[in-house]
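What follows is a single chain, given as structure tokens, in the form predicted alone.
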């Protein structure tokens, strides 16, 4: 029963890490940059969802839609103000700028939303159902399906549609992409909007299982970046698979050894895995053109 509960909990957590990590994947394959405020975007989705659905009492579909839209707008601001000015000059200062942007957002939410954790009600059944002797909340079963579904959609979009291929062309050769009529700036901006919307969705999904507060996304963001690297950041399937594995290892370690050892063991496993597979599960080594 303990193992079953840990596995189901780990799949749910791993899907959350995978969703946030898919945001890193999207921006990287389009612009060769990443948004280190992804964890803050996840927190923003949860906080906005709580504010609209619980505090203001709006219908949940409207609250979710507006929350995701505002998270996407946050991604647009990040790209326009914190990434583009540096990336266009060939500077890597966007690394620190996006970290700083996340810190600013975290503290802005702290001052406006408050520091007290809030409980987000679930739209699904409140009582756990029994599976192989373990009590499982229905939301824990839905979350992995959502994560895998989004990974499939991203894979199909990037590899089977003209839009996806156009987006991938931007990072390979921006000048050639412009000559082919692709709006490079718009493509990069859209990738950041998708990235933060995915993080916001992760926040909305996990909010009923965790308390909503202003610093809930910090550790999630760090773990999600580790997942993105471990899975091979260029592969949507690899990223989601790494998220599921990471979540399972974390849940099993916590269940059998206690939370004191969780981060030590899990990040040690990540380091060892990257020593063996430096490019991640499905990543590809960079090709140097001469």
Partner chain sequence: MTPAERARAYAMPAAILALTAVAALYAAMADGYAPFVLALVALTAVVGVGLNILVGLAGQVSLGHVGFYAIGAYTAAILTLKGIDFWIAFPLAGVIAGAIGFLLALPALRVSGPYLAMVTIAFAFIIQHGATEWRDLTGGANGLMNLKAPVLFGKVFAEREMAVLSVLLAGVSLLFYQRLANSAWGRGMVAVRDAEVAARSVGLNPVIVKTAAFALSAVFAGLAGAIFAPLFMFVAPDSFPFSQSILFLLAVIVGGAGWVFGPVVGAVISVVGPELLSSLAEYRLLFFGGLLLVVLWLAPEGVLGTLAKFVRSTDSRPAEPSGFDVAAFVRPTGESSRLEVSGIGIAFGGIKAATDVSFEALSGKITSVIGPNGAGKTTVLNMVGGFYRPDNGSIRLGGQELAGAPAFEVARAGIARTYQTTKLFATLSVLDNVLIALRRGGLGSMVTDAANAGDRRVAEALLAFVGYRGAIAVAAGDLPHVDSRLVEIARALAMRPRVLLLDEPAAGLMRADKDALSQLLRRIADLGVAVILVEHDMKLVMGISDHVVVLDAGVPIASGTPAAIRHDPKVIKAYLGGEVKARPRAAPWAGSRDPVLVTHKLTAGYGAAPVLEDVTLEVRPGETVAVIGANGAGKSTTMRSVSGLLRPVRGEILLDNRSIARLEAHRIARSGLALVPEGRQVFPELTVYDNLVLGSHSRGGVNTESEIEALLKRFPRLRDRLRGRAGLLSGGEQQMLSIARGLMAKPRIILLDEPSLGLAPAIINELFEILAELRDEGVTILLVDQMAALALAVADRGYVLESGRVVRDGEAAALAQDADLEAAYLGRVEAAQ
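Predicted, not measured: the structure shown is a model, and the values here were computed from it. Between two forms, the rigid core is defined as the largest C-alpha subset superposing within 1.5 Å. Residue numbers count along the first chain shown, from 1.
A second form of this protein, the form predicted in complex with its partner chain, is not displayed here; the remarks below concern that form.
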### Contact label in the model of the complex: residue 156 to its partner chain, heavy atom within 4.5 Å
no
### Task
Determine whether any heavy atom of residue 237 comes within 4.5 Å of a heavy atom of its partner chain in the model of the complex, and answer yes or no.
no
### Query
in the model of the complex, does residue 85 have a heavy atom within 4.5 Å of its partner chain?
yes
### Query
If you check in the model of the complex, is residue 182 within 4.5 Å of its partner chain, heavy atoms only?
yes
### Query
Where does its partner chain sit in the model of the complex: which of 67 to 75, 174 to 182, 191 to 199, 146 to 154, heavy atoms within 4.5 Å?
174 to 182
### Message
Going through 237 to 272, which residues have a heavy atom within 4.5 Å of its partner chain in the model of the complex? Please give them in sequence order.
### Response
260, 261, 263, 264, 267, 268, 270, 271
### Query
Taking the rigid core as reference, does residue 257 move its C-alpha 2 Å or further between this form and the one not shown?
yes
